[in-house]
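Next comes just one chain, in structure tokens: the form predicted alone.
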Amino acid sequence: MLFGILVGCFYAAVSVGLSVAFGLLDVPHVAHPALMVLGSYCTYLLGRYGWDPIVAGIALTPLFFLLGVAIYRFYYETFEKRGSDAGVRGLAFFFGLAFIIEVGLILVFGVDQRMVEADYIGKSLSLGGYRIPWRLLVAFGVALLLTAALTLYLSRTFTGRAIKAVAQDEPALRLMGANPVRIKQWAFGIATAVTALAGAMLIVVGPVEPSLDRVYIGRTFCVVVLAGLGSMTGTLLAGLILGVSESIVLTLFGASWAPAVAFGLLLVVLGIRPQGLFGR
């Protein structure tokens, strides 16, 4: 159960960016896990120069923010601005982007797994007869801080409230003097910047390989849909639900069944409560 809680917070952290892009902006961002894996490999490169993985992830966020701004601008000018069939064509665009990132990583790094070194990786905390890996505790702490920071930003700042409003009523947002396109561009930049830190946590938790995004695409979408589109606190709780559920299935039925939990929960939620457990 404790392992499930720690992993669940990690799932929430790697899903908050998608919660902004897909939940608030309605962008079919299926390349989110691929960008996260790209963040892991960038963290790996900085780690070779002695950078701590989490520090490297934080340092990479401005670069990933600019990357996200550029991606959204291209998506907007090519698909969203034209209106018709933007969702379907945009979905194909992001699938193509994910494929390009994966192939690029294979060409540069090969298919072998990569990992980083840090003082807390490979060590455990003894607590009441349990041995808890420090790498999971670090990811747990970063996940809580990241979720809290995004929640405060979206609820306490004008730009954050504008990001929430742009998904509900663009004309009203224009009357308040805000440009919806710029707000969306800024929000997508934030969603992409978060993937840099999520990628750093990913390579802290375990080794990475170029195709790892395929493992997380179901989990991230499950967390976002389970939470209710755009709910940051709901994303944290949904991540905990997924982590604990996977832990129980892993214990009872073995590791081969654990990846199916995300898709199972996703189908159940879409069938029973499409707005998510914490959505309105």
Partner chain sequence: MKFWIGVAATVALAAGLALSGTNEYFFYAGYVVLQFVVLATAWNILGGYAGYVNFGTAAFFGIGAYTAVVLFKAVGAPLGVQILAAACASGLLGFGTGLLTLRLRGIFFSIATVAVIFIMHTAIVNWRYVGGATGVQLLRPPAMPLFDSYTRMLFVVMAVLAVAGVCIARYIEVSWIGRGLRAIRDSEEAAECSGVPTLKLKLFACTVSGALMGAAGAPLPMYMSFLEPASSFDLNYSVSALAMPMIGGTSHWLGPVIGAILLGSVQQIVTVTISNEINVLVVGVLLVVFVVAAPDGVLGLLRKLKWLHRSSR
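Numbering follows the first chain given and starts at 1. As the structure is a prediction and not an experimental result, all values here were calculated from the model.
The form predicted together with its partner chain is left out here; the points below concern that form.
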> Pick from 251-259, 62-70, 40-48, 236-244: which stretch has non-hydrogen atoms within 4.5 Å of its partner chain in the model of the complex?
Replying inline: 251-259
> Might Arg89 be said to contact its partner chain in the model of the complex, defining contact as any heavy atom within 4.5 Å?
Replying inline: yes
> Is there a heavy atom of Phe22 no more than 4.5 Å from a heavy atom of its partner chain in the model of the complex?
Replying inline: yes
> Is Trp186 close to its partner chain in the model of the complex, meaning a heavy atom pair under 4.5 Å apart or at it?
Replying inline: no
>> Just checking whether Ile106 would be counted as a contact of its partner chain in the model of the complex - the rule being heavy atoms within 4.5 angstroms.
In response: yes
>> Need the contact residues for 202-238: heavy atom within 4.5 Å of its partner chain in the model of the complex, sequence order, or none if there are none.
In response: Arg214, Val215, Ile217, Phe221, Val225, Leu229
